[in-house]
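First, one chain by itself in structure tokens, the form predicted alone.
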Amino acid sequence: MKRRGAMARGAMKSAHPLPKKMAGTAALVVALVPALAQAAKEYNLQAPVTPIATQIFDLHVYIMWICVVIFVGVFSVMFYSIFAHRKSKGHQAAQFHENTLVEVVWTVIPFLILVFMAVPATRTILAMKDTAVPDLTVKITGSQWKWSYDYLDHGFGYYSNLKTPVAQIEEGEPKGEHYLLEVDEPMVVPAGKKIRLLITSSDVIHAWFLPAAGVQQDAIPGFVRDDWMKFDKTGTFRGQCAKICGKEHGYMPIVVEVKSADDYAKWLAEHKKAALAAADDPNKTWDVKELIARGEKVYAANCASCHQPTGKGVAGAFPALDGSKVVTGPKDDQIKTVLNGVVRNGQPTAMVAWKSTLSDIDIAAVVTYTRNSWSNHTGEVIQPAEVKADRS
């Protein structure tokens, strides 16, 4: 009896830690379930919200399943061959040297696989590059370290800067839901409209990347790349610069707010009104120093990406303004070139018309700046009234 009692007490003592361990494991599982669920939702591409993003997503899934079939087929045959034809069973390796049938089979099958991959991939790539007949054109310029959006059809633009508080970044405050993915002025576009994006940079290489829209385009100084998107629904969609562009590369978020047609019209009217209210008096007679100072900013924001900050241009692509016969020649010729762009053989060139984008004051300022910078010392001052006269 004593022995049984001791055994019972020993069993009871050894039984106590088990529930505690199980309770600890259960608590850990409960704590990890939300994290596991969240991780499960993020295993794939972002849900597509544009036709191109949907096409890219479908292509991704299609190619993945082809790879799965190849993987299963190859490894199934390999493992079966290893197991069923192992040396211990007395099998001898078969020889296929110069076997015409085998050569044809393992040439034709990969060729067919590539064809089945290449056809839908080519169709998707061609659709990605079709920027024709847009409803809206927005010029996007990357700078260290922010984005600017210029609505070329409506004559206004603005900068979009990181909005995440410094306290969250440097002082350890709790991070918000959209940490490093919030801006003071998002890009706003209408749903159901085709938006052409003209993407460039004012300094180093950036990349405008909006995953849900299926857009990733490099912003390269001296080049204008184009892309497009057309949203199927309203909402707010976020991205980031996808090129390591300097020490604050991680602080260049992209936020696109897609509005309904009515809400977008209201937003557009408000921004046009604000742009008009901020416009200067075009009848003012400007001092040369004021024009050059303003022209330098206009040039940096709109012209330097092609003609370079030094005015030297890019050989074979964009002409130099330093020593240019257009810049140092008759001022009306240069004004008209800036207003109307350059057309050769009936086709527009990279020199676009700025008459719908820049005001008379901005054009007068940038023309004055270029005619009095680098080795250009014409000493001429162009007033907004002269631009207005050429514009009409």
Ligand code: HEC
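We call the rigid core the largest set of C-alpha positions that still match within 1.5 Å between the two forms. Counting begins at 1, following the sequence as shown. Because the structure is a prediction, the values reported are computed rather than measured.
Heads up, the form predicted in complex with the ligand isn't pictured, but that's what we're talking about next.
By the criterion of a heavy atom within 4.5 Å, L197 is excluded from the residues contacting the ligand in the predicted complex.
The ligand is not drawn, but in the predicted complex it has a heavy atom within 4.5 Å of S324.
Contact annotation: C303 falls within 4.5 Å of the ligand in the predicted complex, judged by heavy atom distances.
Taking non-hydrogen atoms only, Q334 approaches the ligand to within 4.5 angstroms in the predicted complex. Only one segment in the set 81-89, 143-151, 157-165, 118-126 has any non-hydrogen atom within 4.5 angstroms of the ligand in the predicted complex, and it is 143-151. Residue P319 is the only one of P190, P319, G239, G214 with a heavy atom lying within 4.5 Å of the ligand in the predicted complex. Relative to the superposed core, E182 undergoes a Cα shift smaller than 2 Å between this form and the one not shown. In the core-superposed comparison between this form and the one not shown, A300 has its Cα shifted by at least 2 Å. After superposition on the rigid core, the Cα atom of D333 is displaced by 2 Å or more between this form and the one not shown. Between A207 and A304, the Cα spacing is larger in the predicted complex than in the shown form, differing by no less than 3 Å.
Here's the thing about T370 and Q144: their CA atoms end up at least 3 Å closer in the predicted complex than they are in this form.
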